[in-house]
Structure formats: C-alpha cells, structure tokens
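Given next, in structure tokens, is a single chain: the form predicted on its own.
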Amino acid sequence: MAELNSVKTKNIFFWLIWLLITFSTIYLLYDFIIKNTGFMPSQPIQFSHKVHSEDFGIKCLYCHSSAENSSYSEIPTTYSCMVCHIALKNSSALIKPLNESFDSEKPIIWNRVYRIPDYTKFNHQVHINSLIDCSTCHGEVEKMEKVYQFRPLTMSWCIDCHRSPKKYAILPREISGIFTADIKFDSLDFAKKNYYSIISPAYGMWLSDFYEGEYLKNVVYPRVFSRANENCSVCHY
C-alpha cells in the first residue's frame, strides 16, 4: 500500500512538472514570438538614437519625414546621413560602412525592429494627424542606444489603445518634430519665432477653443482623446 501511494505521489509530481514546463513554454512563446517586446536585432551600423536625438536634439521627423504625410515611416538614405557625416566624424571606424555605401551607391540594409502581418496595415500619417506622439508605440527612442521593440503590437493591444487611448496615447513632444516654427521677420535684424501645430485633432477635441496660444515648451496642449475607430477595415485589408 505504501509503495502504491509512493507511485501515485511520483505520478502527481511528474504531471505537475510537465504542466509547469508546458505553461511556461506557452507563455515564453507568446511573450517572445507573438508579443515580441524587447526584440533588438543587430544592425549593419552601430547607430545610437541617444547620441543623435537626446544629445544633439535631432528630431524624429528630420530623418523619418514621410511618417507625417504618408502611411509608412521611411528609413533615411545614406545621402541623408552624409549631410552631416561628410564632415562630422567621417574618419571614425563606425562610419566606414556609411562611406562605403555612399561611394558604391549601394543602400544599407537595415534589419527591421517592428513588423506587422501582411494582412494588416498601419498608417503613420493618421496617427500623427490625431496628435499621437511617436513614443506612444516606439517608446522614448531618443534615450535608446540601440532600438528595440517597445510595444507588442498585437491585435489585442491595438484594440485596447483604440478603446482607451488615455491609457497609452502621448501628446506630441518637441523632440518628435511634429511641430514646426513659423519665422516672421519683424525687422531686418530680428526674427520672431511663433511655434504652431501643423496638424489638427482628427480624433478627440481641444479643451480650449483658442489652443494656438497655449504652449508647453513650444508644444500645443491640452487635448482630450476619444475612442478611436474599431472597424475591421481600419487595420485589415
């Protein structure tokens, strides 16, 4: 009888271990394959967004200008990089692949950090025109030495954000470059800069009718985010 109980105990212990391993495997597969957060692929050039954006203040839209007026966000070409690096740090070993690309006219093949399924679509312009900052989905890239996937971009996460944008949506920040300066010359030697928003709130509304005069570090505020569209065709072809 004691031997039978011992066998039963061993069997129960075995099944508990098996269930623990199974559920752990499922969780890891979901976390690393489906959610994919933290994914940080190696790149052909050791590019630091922290150096370029946080240290030198280069705005997101300076390099990714198409994000403001098209569905995709472009990767800057070698020529865009050489605007600065033709003279700055050009002899550095880190710039060598850039020089080779420039001289040979062969583009640099960057490894994608974010990828959505072929049957889905994401429109950068729509989100920026809704006053949603880049960091909402990408995190504070200006603080990253190496870019990694910040959000899971799963269907459940996107729907959750559309239903409750206040939980995730971040208003445009100055470093994003979504705002521009209108330079008006009051005299020959004095230029007055008036910062204004180049986009309008497609979703939600402003808390003030006269929002153009309200600024926080040259960024227009505040805004109330409303529930976004959840029709299937918004995200799926």
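The structure displayed is predicted, hence computed values, not measured ones. Residue numbers run from 1 along the displayed sequence.
From this point on, the text means the form predicted in complex with heme C, which you will not see here.
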Item to complete: Determine whether any heavy atom of N111 comes within 4.5 Å of a heavy atom of heme C in the predicted complex, and answer yes or no.
Response: yes
Discussion item. With a cut-off of 4.5 Å between heavy atoms, is P117 one of the residues that contacts heme C in the predicted complex?
Written reply: yes
Practice prompt. Using the partner position in the predicted complex, report whether N69 sits within 4.5 Å of heme C, counting heavy atoms only.
Written response: no
Discussion item. Test of understanding: in the predicted complex, would S101 fall inside 4.5 Å of heme C by heavy atoms?
Written reply: no
Worksheet item: What residues in 145-173 sit within 4.5 Å of heme C in the predicted complex, counting heavy atoms only?
Response: V147, L153, T154, M155, W157, C158, I159, C161, H162, P165, Y168, A169
